[in-house]
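We begin with a single chain expressed as structure tokens, specifically the form predicted alone.
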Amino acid sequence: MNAGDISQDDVERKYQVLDREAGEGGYHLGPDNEFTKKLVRGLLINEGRYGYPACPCRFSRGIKAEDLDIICPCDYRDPDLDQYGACYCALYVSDAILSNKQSLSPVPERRPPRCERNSRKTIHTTQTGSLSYPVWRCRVCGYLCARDEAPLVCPVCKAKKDRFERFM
């Protein structure tokens, strides 16, 4: 699918879905609707091109197994929101950005080079049995995830980051 095959209605429908899902998850789409809808168009183009909604602001190889970290919402969204108030492409923004308490600023690329990504694809155990990433547990519902930092919002019960604890 190329850009010409995507109608404004397609973009609007996808925008509404993303906006609803973001809200349900405790997230916000960028406040500049025109810019945000251009990003949504890019997601739709990438979904048609590759079969998955790769981030429209990053280079996708078109190989899903190599792009799992940049399928929207990408693995870098929460750390970017936490540190900069917006994700790399500014599709998702923090409460502070949405309420104009913080202004948007450039977000540096945190996606590691491909050679480093290939070595980090799976969470594995060492000979001592410890995990490569810390495990975080939501104290509200028990949701577990293994990643560098706790998520900003629990995907199950919508509890905020401060309700997570290191589990292991």
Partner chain sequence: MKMEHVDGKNEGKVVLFALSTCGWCSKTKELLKELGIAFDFVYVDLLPTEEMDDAIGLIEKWNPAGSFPTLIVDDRKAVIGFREEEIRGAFSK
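Not measured: the values here are computed from a predicted model. Positions refer to the first chain, counted from 1.
In what follows, reference is made to the form predicted together with its partner chain, a form of this protein that is not presented.
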property	result
4.5 Å heavy atom contact, residue 42 and its partner chain in the predicted bound form	yes
Residue 52 within 4.5 Å of its partner chain in the predicted bound form, heavy atoms	no
Contact label in the predicted bound form: residue 68 to its partner chain, heavy atom within 4.5 Å	no
Partner proximity in the predicted bound form: residue 74 to its partner chain, non-hydrogen atom cutoff 4.5 Å	no
Interface residue in the predicted bound form among 26, 134, 56, 48, criterion: non-hydrogen atom within 4.5 angstroms of its partner chain	56
